[in-house]
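Before any questions on binding or motion, here is one chain by itself as structure tokens, the form predicted on its own.
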């Protein structure tokens, strides 16, 4: 059932105050981008009659959500940008490139490689060779950076081997593409932390990619099909009183809010109420006095970067709070967007803009004297590793280690 209040109608609330322009990291880094309010909201309000009426700089929007965070009138600026981008590609499917296809459907490739003998090993080797010989650059990818390597064993295959204590308290884990195929140790850490707090973690193989890469790539119809599948699963578990928890802030934002903003279905809004970001869930336990207190013996100096898609959820900084309470020596970088924004920084044409956006964060990290960086988002971690040349991990891994002493 379609909701009466829809994100696509919020463009009429825009008062052209330029708050979104002032905080937009892309506008600051690349003057070719005319600014958030002049792209999605303007298109939405003008209702162009000619298909040729299209603002080229819309391609520069990274969907980081900083415009949404700051808008005083509740305009879903980034969502309007994505809807207008999708409208263009629906009218001009030939405009989609090979890179669009690859970056928007990465999970399909990862799934295929997992079924082939030595598929992941050969793919990783190929990406290394491709970077060295400039092939990635020729394809339209950012050849100066490493592509994320596929894990030897995906989380979906690791999960059945993890021994867990049985419990009446259960959470359904939504691993997301990056944790499943590139960084499964984050998923293992999540299971360890939940077990330590008396919860049993369960999985459901019906889950598919949250659809965030599809939305950014302009494949809105495919994203809608993913949303319908995931929402049905989430609501099924909601009926059993089992919450859904994600360790990737982009995944949790998509499941909790962006489905509803993009597609305006009441069942999506209902599903969003049963989804939690991982440290949001732990913070709720802490508020109830139900979170096991961790006391870390690790004296490593750390710095924390809050992903834009975490800040867009309005949760505060629960990971920073919980790690600080565990005795971790950690400070908040508070240095703005990293510039990666999911698949955005992997595109050749966006590389320089991406790195310029992240420059303040890179410098802050280097000047902090911290030897380890902590961040909830997988692609943010890739960007920090590339731009600041520091070790980066998920806060769940730090908490899991703290529980071990």
Partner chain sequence: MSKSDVVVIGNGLAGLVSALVSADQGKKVTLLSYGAGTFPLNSGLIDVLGYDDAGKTVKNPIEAIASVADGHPYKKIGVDTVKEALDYFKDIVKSEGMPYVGSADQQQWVVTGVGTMKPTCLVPESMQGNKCFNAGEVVLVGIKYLKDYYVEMVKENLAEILGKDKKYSVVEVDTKLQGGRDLTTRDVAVWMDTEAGYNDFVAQLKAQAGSGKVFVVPQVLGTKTNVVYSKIVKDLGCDVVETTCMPPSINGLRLRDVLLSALKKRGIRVIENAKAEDAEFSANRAVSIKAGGETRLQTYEADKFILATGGFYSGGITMRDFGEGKEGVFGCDVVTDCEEATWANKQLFSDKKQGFALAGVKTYDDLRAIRAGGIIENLYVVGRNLTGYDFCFEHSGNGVALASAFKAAKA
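Positions refer to the first chain, counted from 1. None of these values were measured; they are calculated from a predicted model.
The next section is about a form of this same protein that is not shown, the form predicted in complex with the partner chain.
- Per the 4.5 Å heavy atom criterion, the partner chain in the predicted complex is contacted by stretch 277-285, the sole one of 292-300, 277-285, 215-223, 81-89.
- Although the partner is absent here, residue 332 is a contact residue: one of its heavy atoms lies within 4.5 angstroms of the partner chain in the predicted complex.
- Residue 73 belongs to the set of residues with a heavy atom inside 4.5 Å of the partner chain in the predicted complex.
- Taking the partner from elsewhere, residue 19 is found to have a heavy atom lying within 4.5 Å of the partner chain in the predicted complex.
- Although the partner is absent here, residue 27 lies within 4.5 Å of the partner chain in the predicted complex, judged by heavy atoms.
- The contact with the partner chain in the predicted complex, taken as any heavy atom within 4.5 Å, belongs to 273 out of 144, 96, 169, 273.
- Checking 196, 201, 315, 113 against the partner chain in the predicted complex, a heavy atom within 4.5 Å turns up for just one residue: 315.
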